[in-house]
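Given as structure tokens, the chain that follows is alone and in the form predicted alone.
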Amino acid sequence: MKIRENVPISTLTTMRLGGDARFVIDIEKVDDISEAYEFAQDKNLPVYVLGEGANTIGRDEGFTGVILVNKLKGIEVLSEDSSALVIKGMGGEIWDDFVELACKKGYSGIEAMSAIPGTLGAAPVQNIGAYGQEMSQTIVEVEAFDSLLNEIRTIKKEEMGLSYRKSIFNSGKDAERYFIVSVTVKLERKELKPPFYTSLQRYIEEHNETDFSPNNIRKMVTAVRAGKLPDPKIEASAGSFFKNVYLSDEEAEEAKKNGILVWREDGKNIVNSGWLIEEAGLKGKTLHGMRVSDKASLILINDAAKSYADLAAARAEIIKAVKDKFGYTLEQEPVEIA
């Protein structure tokens, strides 16, 4: 187990901001996990678990604890028949590689989440979702190291408290308790049916697509995302920066009367945060070195920001502009290392 000292968090996260982490340990074997937690406990230091750092923000003051980077690898098919596939992957696997394997086998459930950056272990933490699919729809269980009990235990879907971008792994009293070792999902042999979300539906119509197999949905989603979302390896970004706004039925009716675009999904009324930012006149604007993407306004790109303070100033201006125009208070989606 290799322990690194005074590592810039900016080198571990795709937004490329943040001061030094006191210690960083790459977890490459399951046995490393308990040893790493023991190291942190001996020094009375907090622990933060990180994957690819694609949805994580570092602060200027750094982190006076131990960052554990999940590098556990391996994918295993637990069962497969003509109707379903149950597949297990280790937490350090790249999420999109996991999706690709499932799609090539022809099973549906995660194909619309293709090209989301990050690791498999991070997927249930944030309950990731895109184009109508969400992790909560397919996840069966995770194996996780419980730092309170000092053991690996199985946590079923029903115990995870999954909701919009939330789980027990990032919210509540147990948010820092677990290190996700593996994730198991169950997928079905079927095809998604149109109509799809606006940008995907537009692509389908423009290209006269009629093949809605998992592999082709993956191909189309990847193309759509590439056309509007920055590659974090090229442009510093943390992906979708603001959460969408959820409204009650009464609030949604009032919003529609005021010309606000509201869509309904699974009985919920949703306003796209990117639409709000664009309508507030911020599309393509650069604020304190942070650029609001001109392709997808919910994306912030770090063009020249040197510090978390720059990001915080840009965030505050965007939130104020949307609040002043629409009355909604946007919430940040990426988590912060603290």
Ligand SMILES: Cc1cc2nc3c(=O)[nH]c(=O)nc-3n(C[C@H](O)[C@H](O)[C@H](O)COP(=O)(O)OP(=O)(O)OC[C@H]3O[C@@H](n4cnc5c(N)ncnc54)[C@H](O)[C@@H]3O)c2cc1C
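A residue's number is simply how far along the shown sequence it sits, counting from 1. Just so we're clear, the structure is a prediction, and the values are computed from it rather than from any experiment.
Not on display, but discussed next: the form predicted together with the named molecule.
Find out whether any non-hydrogen atom of Gly51 is located within 4.5 angstroms of the named molecule in the predicted complex, and reply yes or no.
Answer yes; at least one heavy atom of Gly51 falls within 4.5 Å of the named molecule in the predicted complex.
Although the named molecule is absent from this view, report whether Ala252 comes within 4.5 Å of it in the predicted complex, heavy atoms only.
Heavy-atom contact with the named molecule at 4.5 Å: absent for Ala252.
Is Asn269 close enough to the named molecule in the predicted complex to count, meaning some heavy atom within 4.5 Å?
So Asn269 does not count as contacting the named molecule.
So, Ile168 and the named molecule: in the predicted complex, are they within 4.5 Å at any heavy atom pair?
Flag for Ile168 set to no.
Answer with one of Val99, Ala122, Ile87, Ile217: the residue that has a non-hydrogen atom within 4.5 Å of the named molecule in the predicted complex.
That would be Ala122.
Which pick from Asn244, Ser147, Gln126, Thr138 sits with a heavy atom within 4.5 Å of the named molecule in the predicted complex?
If I apply the 4.5 Å criterion carefully, the residue I get is Gln126.
Quick one: which of 206-214, 256-264, 187-195, 236-244 gets within 4.5 Å of the named molecule in the predicted complex, going by heavy atoms?
Careful reading of the contacts points to 236-244.
Give, in sequence order, every residue of 174-204 that has a heavy atom within 4.5 Å of the named molecule in the predicted complex, or say none if there are no such residues.
Read in sequence order, the residues that approach the named molecule (within 4.5 Å, in the predicted complex) are Tyr178, Phe179, Ile180.
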